[in-house]
Every structure is written in structure tokens, then in C-alpha cells.
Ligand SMILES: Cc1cc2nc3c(=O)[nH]c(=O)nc-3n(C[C@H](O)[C@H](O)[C@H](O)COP(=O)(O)OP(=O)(O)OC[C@H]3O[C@@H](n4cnc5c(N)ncnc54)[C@H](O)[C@@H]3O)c2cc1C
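First, one chain by itself in C-alpha cells, the form predicted on its own.
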């Protein structure tokens, strides 16, 4: 899209094309960019967007990124904002500019030098990654699911390991995978991997069956899914155990080497190790002369502005809003929260441009759902009207879980295009393999 020819238009710069950043760019593109009231620019180091809660399905092969990924460039042309490919490197608050790092292609060749982008309003929405807690060996020896590329890398390694398993003359007992972290990512991945093995068996791959896979799920607290009600956690554990997952709670990893994890009491051998524990914002955020906490999240005010800054906002997992009394985070690091923050941030930027009062962000928790692949979907929904927590599972929970993704699609595509995407997906599921085998 060609940016509006308007010398007086404010520059709104959004860094990070995750759920919050992309939805915000779309919202402002239609409310301001389309009317040439502002120049909206979205910056991201990747060419395509994939909704992060789907990454465990990419890792297992249940979802093909080629069908679900969104091109930032194409989307920007249709939604009245501009896209710049690059990674956020530094911030100059006095000059109101950010610097993008040199762009390196997949061959290691530098294509673009450092670039400087100006802003009148800056929104930092670069998300967060798994927290390795400073433990040596994690980055070198573990897979993560922070990006679609991470998920694709694990998927290929998963397929390759089962190729070895099916072709080896001396049959190993099982393919062993250890997952560190009993939160949503680790739990959902464990279930999806058993579903994937069943699909491999259906494709007739030699000697592969449900018992070919052995997953150990390691959680440092006293139960998996510690953020959910205990009865839901228990049901999820029961479902995973029935499929073959061995769950180790109250277990803290002390060391990681190639194909091996050590704890205070035991050693776990594994063909593949996935690290899905904790949340931590990128380290360089703590070097931007902005207030941050111990996990590098940027501290914000109730209007979503960075503390001490009038024209810099932060939303999503890279931000933290602290309770003034308890000093505890008030907003969870979820896609649901990022969606709501994007809506409020967009309205506040428009209000700031129009010199009207800003609104205070109020997080509305609609509940949490967990998908254990085709084996089970369960969770809790919060009814704000009656102040009641409803437990849901089975087909109803599965439908509600799918609707969360549809809500994201509605925010970035609109109703009509989302309808056609759903129809296309419905057809493709019936004519294409149920597992990505490449």
C-alpha cells in the first residue's frame, strides 16, 4: 500500500506483528489510515503471521502453515497500513526514532543495512518467549515453540526421528520426547504428538503405533495447568496419562545436555527435548531506557502507556500492568488479553490524536480452554453477568475453543473474508491429508 501523501499526518509505528500488534495495525488502518488521518507502519522480522496458540499443532503436523499463515505484505495492502520487514534493535526517545537491525537472508547474506524509522506514537508489541531461567544448555539442546519456524523445525525433527525408528534393523523400544513445562503449550503439544503418531500409523508407516511414542512431561509446580481450576487440571492429567504421557510434578530441571535432562533426583534420556516453561520478554527491552521488570516486560499504566512516556505504548506479553497494592501483574500473558489490549490501545491513540481523554484498560477474563487434540477439550468460562464459573468439556468446549481463533480472524479479516476462509478450510480438511508429512 502507498502511504498517504500528508505531511501533517502523525506517524504511528507498531513493532511486532503478533495477535495484538496485527489487530492494532488493522484497526488503525481502517479508522485512520484509510481516511489519510495517520500513517500506520507495522514492523516485524518475519514475512508471515501465524496465531501463536496454534504452534503446537504446527509442531505435530496437524496444521499446515502454508494454509493458515498470513502474509503481512498482502494484508497491509488490503488494510491501509504499511509493512516493514526488520527486527527492532534500539530506541531514541529524544529523536522519536527506532533503529532496525541489518536484515540477513536465509543464506546469511546481509540484504539491508540498519534503518531508522520515525514515530509520533510508538507501540511495542513484540511478545515474549519461553524462559530458560538462565539454565545452561537449554538454547543449544532444546526445541522451543516461540515462532512458526521453531514449530516447523521441531516437526521435521519429529518426522525424521520416526523415519529412523521405522527403518532401523534393530528396533528401539520407543521414541522418547521430554517436554519441560506443564502449562498450556506443553500439555497441548503432548496430546497433539500422540494424535500425530496415530496418523502416521494410518498412513501405513512401518512398525509405528500408539505405543511407539513415550512422552515425559515435567512440571516444577505440584500439578499441570496450575493457572486453571484443580478439577480441570486433574481431568487433563487423566486424559494425558491414558494416552501414555508420564507426568512428573514438583520436578525442577537442574541441567540440560544433548538428549539428557537432569533433576535433583533423576535423569531423563530423550530423543527430542522441548522447553515450554515460563515466559520472558526479549532481553534487549531492558536496554531501551524504559521501565522493565525482572523478566524484561515493560511496565505500563492503566491507559497502556509506558510509565513515564506519553507517546509510547506497550501491549501483549511484552508488557506488564502491576497492581498498585499487591505489585502483582493484573493482565495474563494470553492471546485473549492481547486482543483486548489492542482494542483499547487503538482507541487511546485516536483519543490522543484528537486531544480527548484516554480510557483505562479493563481486562475481561472470559475463561480458559485447553485442547487435548481429538482426545478431549475442556476448560472454564467466566460469566460476568452472574459472576459464575462454568465448566465445559467435550464438543461444546471444542466449538468454543475453535471460536477463539475465529475471533482473531474476524479482527484481522472482517466477517466476509473470514467466512470464505472457514469454507475453504472445511473443504481442504476433507480432500487433504490430516497430517503434514514434510
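This one's a predicted model, so the numbers in the text were calculated from it and none came from an experiment. Numbering follows the first chain given and starts at 1.
The form predicted in complex with the named molecule is left out here; the points below concern that form.
inquiry  = in the model of the complex, is there a heavy atom of the named molecule that lies within 4.5 Å of any heavy atom of residue 69, even though the partner is absent here?
reply    = Although the named molecule is absent here, residue 69 would stay clear of it in the model of the complex, with no heavy atoms inside 4.5 Å.
_Taking the named molecule as it sits in the model of the complex, is residue 315 near enough to touch it, meaning that at least one heavy atom pair lies within 4.5 angstroms?_
Taking the distances in the model of the complex, the answer for residue 315 is yes, it comes within 4.5 Å of the named molecule.
Contact with the named molecule in the model of the complex for residue 143, defined as at least one heavy atom pair within 4.5 Å: yes or no? Residue 143 lies outside the contact set for the named molecule.
Item to check | Partner proximity in the model of the complex: residue 162 to the named molecule, non-hydrogen atom cutoff 4.5 Å | outcome: Residue-level check for residue 162: no, no contact with the named molecule.
All of 181, 199 and 272 with a heavy atom within 4.5 Å of the named molecule in the model of the complex:
No: none of 181, 199 and 272 comes within 4.5 Å of the named molecule in the model of the complex.
Tell me, which of 215, 300, 236, 338 has a heavy atom within 4.5 angstroms of the named molecule in the model of the complex?
Exactly one listed residue reaches within 4.5 Å, namely 338.
Option touching the named molecule, based on a heavy atom within 4.5 Å in the model of the complex, out of 281, 187, 349, 125: Only one listed residue qualifies here, and that residue is 125.
Open item on the list: The chain here is shown without the named molecule. Which stretch in 51-59, 372-380, 32-40, 392-400 comes within 4.5 angstroms of it in the model of the complex, by heavy atom distance?
Closed with: Looking at the other structure, the answer is 51-59.
Where, within 62-87, is there a heavy atom within 4.5 Å of the named molecule in the model of the complex? Residue list please. If the 4.5 Å heavy-atom criterion is applied to the named molecule in the model of the complex, 62-87 yields 72, 86, 87.
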